[in-house]
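The chain that follows stands alone, in the form predicted alone, written as structure tokens.
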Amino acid sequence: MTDRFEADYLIETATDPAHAAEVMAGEQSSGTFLVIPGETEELKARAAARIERFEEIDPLAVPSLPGAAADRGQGWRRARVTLSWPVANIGPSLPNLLATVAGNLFELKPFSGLRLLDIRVPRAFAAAQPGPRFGVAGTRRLSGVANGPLIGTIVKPSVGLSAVETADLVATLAGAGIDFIKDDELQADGPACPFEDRARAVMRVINDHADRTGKKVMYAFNLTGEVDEMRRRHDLIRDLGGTCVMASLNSLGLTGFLALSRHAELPIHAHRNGWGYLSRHPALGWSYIAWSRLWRLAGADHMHVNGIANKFCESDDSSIASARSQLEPMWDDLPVTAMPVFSSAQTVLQPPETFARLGSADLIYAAGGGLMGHPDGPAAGVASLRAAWEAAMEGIPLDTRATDSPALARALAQAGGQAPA
């Protein structure tokens, strides 16, 4: 299908779900609640949304969401629905794609539940968008990490450190052998730690370390702000020799992010903070797979996916499915992939299951307390995580690998895992 785009939904309604699907298609294309002059059969054939697939599934006894139409004695019926639209309705425009597949649908009264599950677009969208310019391969090249995950961490405390204190922490982490460091999403350009001061202080440390050792730590500077501010901040990081910038997707919106990514010459580490308000209710909002496709097309090189046994509400199955989706091309002949970022309460315990379920080590593994809180310090924290990942990729039990890795043995004991006798 080259002239249409598609979206998959889970719907719930007290009405006939087949009719509810027709309401969706009309609302998001040429129709309205009454037939009006001008809505000819020719126009509908040219511009109307189509129902491509429809499958009714098990009903529910009570509605998932308030404000829906009343039960008419059928219970609350559910279905999986695929709609398609002509590309000619909107052109290869991401903001207007968003308005079409996720616009007024969520407010329609017939629905007591509506969730966007996936999106498929023709190649015309790829040609018109920046897409990830670096992704896995570019990130590996710039970080110097050819195999295995990038071992990373987040600057903590989240806020409160000055530029000098941040640089001192980065010096410690660089000396510990870290591959990747990111600003917290709460740290951007506050008076206590101005962006430019932090950038200069941190890059001085990173460049000095690279001159001594040949390894340049990748640091994702949070440049979230207004468009002109972000462009200036990006250029400063580029000119200082930095290799990554970071942006909060939900704060910027698609057009703000597109303005940054079309300008950027560095990888963009895309943070999903606020994701819960789009996804937490299982009958409302977005699946991560659908949502992240827009940001990959818009130019995100790294995408956060939480992690196994994370501190948030997301299940392990969801985190793994999210990560897999980032590594899967959107078209067979055109890889539009991003590097998944595992974070949130990650320690030495999760790598075996993460690797077994994902089937890849093309990822950033960002640990905070699981690295900085190692009883023997950050260098041992980095070493313990590397050893855990080596064991995972080689199929060796962690306690076996710990017999020749004191750092891993100590981390296992601290994390409550099995340490060697």
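Throughout, we count residues from 1 along the sequence that is shown. Here the structure is a predicted model, which is why all the values come from computation and not from measurement.
From this point on, the text means the form predicted together with a further copy of the same chain, which you will not see here.
Which listed residue (M330, A176, V145, L284) meets the criterion of a heavy atom within 4.5 Å of a further copy of the same chain in the predicted bound form? Exactly one listed residue reaches within 4.5 Å, namely L284.
Please pick, from G138, P335, G103, P122, the one residue with any non-hydrogen atom lying within 4.5 angstroms of a further copy of the same chain in the predicted bound form. Of the listed residues, the single hit is G103.
Tell me, please, which stretch of 153-161, 320-328, 237-245, 209-217 lies within 4.5 angstroms of a further copy of the same chain in the predicted bound form when heavy atoms are compared? Comparing against a further copy of the same chain in the predicted bound form, the contact stretch is 153-161.
At 4.5 angstroms, heavy atoms only, are L108, E185 and R262 all close to a further copy of the same chain in the predicted bound form? Checking in the predicted bound form: L108, E185 and R262 are all within 4.5 Å of a further copy of the same chain.
Counting only non-hydrogen atoms and a 4.5 angstroms cut-off, does A88 reach a further copy of the same chain in the predicted bound form? Yes - in the predicted bound form, heavy atoms of A88 and a further copy of the same chain come within 4.5 Å of each other.
Would G276 sit within 4.5 Å of a further copy of the same chain in the predicted bound form, counting heavy atoms only? Heavy-atom contact with a further copy of the same chain at 4.5 Å: present for G276.
Can any non-hydrogen atom of R280 be found within 4.5 angstroms of a further copy of the same chain in the predicted bound form? Yes.
4.5 Å heavy atom contact, G75 to a further copy of the same chain in the predicted bound form: G75: no, not in contact with a further copy of the same chain in the predicted bound form.
Which residues in 217-239 have a heavy atom within 4.5 Å of a further copy of the same chain in the predicted bound form? Sequence-ordered list: N222, T224, G225, E226, V227, M230.
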